[in-house]
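There is one chain below, alone, in structure tokens, taken in the form predicted on its own.
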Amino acid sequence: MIKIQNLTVKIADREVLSNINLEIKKGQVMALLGPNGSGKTSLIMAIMGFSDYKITSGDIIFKGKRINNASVDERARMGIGAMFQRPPTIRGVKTRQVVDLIKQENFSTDKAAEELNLKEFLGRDINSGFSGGEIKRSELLQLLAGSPSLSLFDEPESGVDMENIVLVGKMMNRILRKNKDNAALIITHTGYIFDYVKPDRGCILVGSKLHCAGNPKSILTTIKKHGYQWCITCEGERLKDKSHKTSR
């Protein structure tokens, strides 16, 4: 679905991603864990093509096509969609208007909004006065309408109460199950969403670099027990041990 090769990204003069290599296959759900400020959201922004995130080296290849120079709207039309952690408030544009603009054929805005407990919000400006849970549900409504083949979920459990997280998980699964090839990248630093959406693989992003890959629940258990820095040290020790064995 998407292959990221040796990707380095800067905002102004600050490097936010360093030599990232990541592949998500069709039908696969990848979890990306990491502390606040590690570069997780920057990766989503770079994949979506936001102009502040300058690629200084490497490639983003989506469905076999290099998209480094594609605009945000071109990437959305190709089938990449994102649920943002802190989307902007857009005054003068109603939620219904944007959903109706992007919806696919046979999608019922009213029916989907009712399932997400958002029907009364359709006539309101996008995210204006919305709570954290309402913003998440609005983002999911837009993703459902656009029906992306690759969904990028940025901290889907952040600011969401226990009742809403069940609904968020249910709708995330619906997006993924619309097509057997649909794939996703789920960014989290708590892992609470794993109780509702089951990722296939996980990896850690710390200090703008990717570390470790494997079973996401095992990775999360290790992080809770030892912290992120331990994971980096553990990985370094494994690499040194492997190098030592090879040299012998």
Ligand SMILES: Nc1ncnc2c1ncn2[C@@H]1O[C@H](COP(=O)(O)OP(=O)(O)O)[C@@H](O)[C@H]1O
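Residue positions are given as counts along the sequence shown, with the first one as 1. Note that the structure is predicted; figures quoted are calculated from it, not measured.
Absent from the display: the form predicted together with the ligand. The rest refers to it.
A.B. asks: From the list N127, Q85, S147, Q97, which entry has a heavy atom within 4.5 Å of the ligand in the predicted complex?
C.D. replies: So the residue touching the ligand in the predicted complex, by this definition, is Q85.
A.B. asks: Of these, 56-64, 31-39, 190-198, 213-221, which stretch puts a heavy atom within 4.5 angstroms of the ligand in the predicted complex?
C.D. replies: Going by heavy atoms within 4.5 Å, the stretch is 31-39.
A.B. asks: Taking heavy atoms only, is V16 within 4.5 angstroms of the ligand in the predicted complex?
C.D. replies: Yes, V16 is a contact residue.
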